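The chain below stands alone and is given as structure tokens, in the form predicted on its own.
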């Protein structure tokens, strides 16, 4: 039985992907921020798919202490139940904040949750992915286009912009995946990014207020059901030897030319290692 870890698995795209992969015979290890939502999501999965193999872990991925704790719990579960192998890691958890907030570590929340959480969790679970010659998938967005890294103030401490902070985090997802593939080929793990398109979820309204919350709730109504986007994740999981980086509706899609900037990718990688206090070279040693 193949295994998949899915963050942000209690609602929206993450829950839809969990159900889709359960139907394909995967054992699902989901992560959600609220224990109440974890319980509700697991009940929903078990009700719709009684024979599914699913377990949910609770933690706030914006906080690195929680990422490290969850990684340890998941590692122990994989060692005990799945021969230490992880076939797919889907870094799907993300959020929007229309005001400047920071994590316990002092990092801007969107940058921490949308980028650093996946960067750190992938590092911690990389040995398990490597044993299975697995795949790492990030939830991206076309909003990364026409955006560049704000190196002088990457945390948007001055002149905070909800939209630009979000767009930068999505550009960071692609730079991370591109550099991962370019430098960690020896890991036998390949990274991909999915553009789910406009999806009818509450990502832009559940942790926002005022105009941002109102605008997103109106805009989301024009989006597709999460199950539509889930098909692209399932496609990447099932198809061997995919060589493109960015996918939409089960097809390769062009990304910003900035993603090909080796300088930006290397700079972001080094900064992310510093902020997470890790060294990717040690993950497989």
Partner chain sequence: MTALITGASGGLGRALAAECAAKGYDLFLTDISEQGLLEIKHGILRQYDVAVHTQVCDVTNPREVADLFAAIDARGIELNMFLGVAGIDFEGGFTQRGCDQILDIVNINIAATLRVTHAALEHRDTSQKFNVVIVSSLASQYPIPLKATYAASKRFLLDFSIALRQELMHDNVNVLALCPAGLTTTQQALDGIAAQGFMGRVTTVSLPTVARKTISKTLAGKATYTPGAVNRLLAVFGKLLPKSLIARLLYNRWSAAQEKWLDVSA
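Just so we're clear, the structure is a prediction, and the values are computed from it rather than from any experiment. Positions refer to the first chain, counted from 1.
The next section is about a form of this same protein that is not shown, the form predicted together with the partner chain.
Exactly one of 105, 72, 182, 83 has a non-hydrogen atom within 4.5 Å of the partner chain in the predicted complex; which residue is it?
Exactly one residue meets the criterion: 105.
Which single stretch, out of 51-59, 64-72, 24-32, 234-242, brings residue heavy atoms within 4.5 Å of the partner chain in the predicted complex?
Comparing against the partner chain in the predicted complex, the contact stretch is 64-72.
Look up in the predicted complex whether residue 148 has a non-hydrogen atom within 4.5 angstroms of the partner chain, and give yes or no.
Residue 148: no contact with the partner chain in the predicted complex.
Do residue 16 and the partner chain come within 4.5 Å of each other in the predicted complex, heavy atoms counted?
Residue 16: no contact with the partner chain in the predicted complex.
So, in the predicted complex, is residue 265 in contact with the partner chain at a 4.5 angstroms heavy atom limit?
Residue 265: no, not in contact with the partner chain in the predicted complex.
Please check if residue 101 has a heavy atom lying within 4.5 Å of any heavy atom of the partner chain in the predicted complex.
Looking in the predicted complex, residue contacts with the partner chain include residue 101, since a heavy atom lies within 4.5 Å.
Output the sequence-ordered list of residues from 248-285 with at least one heavy atom within 4.5 Å of the partner chain in the predicted complex.
The stretch 248-285, when checked against the partner chain in the predicted complex, contributes 274, 275, 276, 277 at the 4.5 Å heavy-atom cut-off.
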